[in-house]
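Below, in structure tokens: the form predicted alone, a single chain.
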């Protein structure tokens, strides 16, 4: 039975007149799990934001239970039984689980005071009911990513959500957490909830969804029963071609040692457990070293230390024998280091700056003409980058915040890959990217490897780590607990056990 009907949804973003949704029709069935897939910029997230009241359509109609509705805000969406779990969690890190879940709809004593005990009881009850066990008094900033996601889902269920929208729900989860999430989604669907999730992982579509919607260039190109289509069929509808579901790379031909990290430690005042504890490894020329780990186990701190964004307590970092420990990012860049951050909007680009400014910001010296910048030369250079990296943009004077996630990632890559750096750090290279964009990024990374660049990749996608890396280090509680030589068949489930601390091993590199 239909619970949601969207008819003729049109959305255009100004000032660049970008058509995100071009007359889209979408029907959601009660008690079913729906997947929405498509290339970056296909309009998936925009459509779901319209359904959740975060964006307003230029035209079109929305019906819930056969009644026409207007959804001007997420608050109204909540009242209509809609809940959305975003890719970036919207939680207060210093508050407890219960306080985050009931915020804005708190149980009261005598109608006046916040009832802590009642809130804890309610959260315990609904977490058991939906098999999303969580400790009500746990502080958010001490939780794993998987636990935080449960909190987000419970927050929506507490508010009476019948329809749950999840944006890239597995992008930062390990294998075991993904399995637990899928069990939860199936249980929710069996109890009558309607689920919608945006994903780029076609294996997940086949595993958990009942119905799959395929979008392309702002249009809905297909709606299929998941059982009736293959991953290759879905990919073909998305990008107009079939994709290989593996990464083909040449045998490793390592050269001299480029990066050396020796006994690196970061201590925080008042905290017993080191943020980084005796981290030691090397990366050679023409080698990809991947680091896997549940978010919060030191990966981000390691990257910040390597790029001069975080002060280290002890240990040493060197590039080709030159010690860079304690240097600032500018001097580290001058040593031939490039950095593609996970946060491409907050750290990787300046949203209000135009494309050409973002591309040349770290290398303006090459375009100086006496006291001024040679703007025509910059424009020619950036036009070439936009073409060679297949960035979908009308011109390089557009603001960076008008690009889709995939195109913004390509913009950052075009800057950081320029000049073939000696050492390259890449965080979450394809998070949130569609198949075609991910393939493009993989090709560029492997080109860099062939050129002799030493590459460090941090990714929460284990299949990506296993496919790309020549060596894999697993981080747990600030330590690299094991390093795998990736010349063997490695199981993502086995690596997941090391990531969760279930197993430990011997580090050697």
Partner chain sequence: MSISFQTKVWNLAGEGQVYLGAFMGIVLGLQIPNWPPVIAVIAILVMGFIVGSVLGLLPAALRLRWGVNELITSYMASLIILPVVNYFLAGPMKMPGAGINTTGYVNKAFVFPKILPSCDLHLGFALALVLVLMTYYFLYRTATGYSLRIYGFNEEFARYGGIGEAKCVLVAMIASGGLCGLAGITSSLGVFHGRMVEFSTYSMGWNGIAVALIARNNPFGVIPAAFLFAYILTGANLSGLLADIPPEVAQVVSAVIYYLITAQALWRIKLS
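Positions refer to the first chain, counted from 1. Since this is a predicted model, take the numbers as computed values, not measurements.
The next section is about a form of this same protein that is not shown, the form predicted in complex with the partner chain.
Quick one: of 130, 307, 389, 381, which gets a non-hydrogen atom within 4.5 angstroms of the partner chain in the model of the complex? Going through each option in turn, the one that passes is 307.
Residue (of 221, 138, 377, 346) lying close to the partner chain in the model of the complex, criterion heavy atoms within 4.5 Å: Going through each option in turn, the one that passes is 346.
Looking at heavy atoms inside 4.5 Å, which stretch does the partner chain contact in the model of the complex, given the options 328-336, 174-182, 130-138, 211-219? Result of the contact check: 328-336.
Does residue 418 make contact with the partner chain in the model of the complex, using a 4.5 Å heavy atom cut-off? Flag for residue 418 set to no.
With a cut-off of 4.5 Å between heavy atoms, is residue 439 one of the residues that contacts the partner chain in the model of the complex? Contact check for residue 439: no, nothing within 4.5 Å of the partner chain in the model of the complex.
For residue 207, is any heavy atom within 4.5 Å of the partner chain in the model of the complex, or not? Although the partner chain is absent here, residue 207 would stay clear of it in the model of the complex, with no heavy atoms inside 4.5 Å.
Is residue 341 one of the residues lying within 4.5 Å of the partner chain in the model of the complex, judged by heavy atom distances? Answer yes; at least one heavy atom of residue 341 falls within 4.5 Å of the partner chain in the model of the complex.
Neighbours of the partner chain in the model of the complex among 180-194 [non-hydrogen atom within 4.5 angstroms]: If the 4.5 Å heavy-atom criterion is applied to the partner chain in the model of the complex, 180-194 yields nothing.
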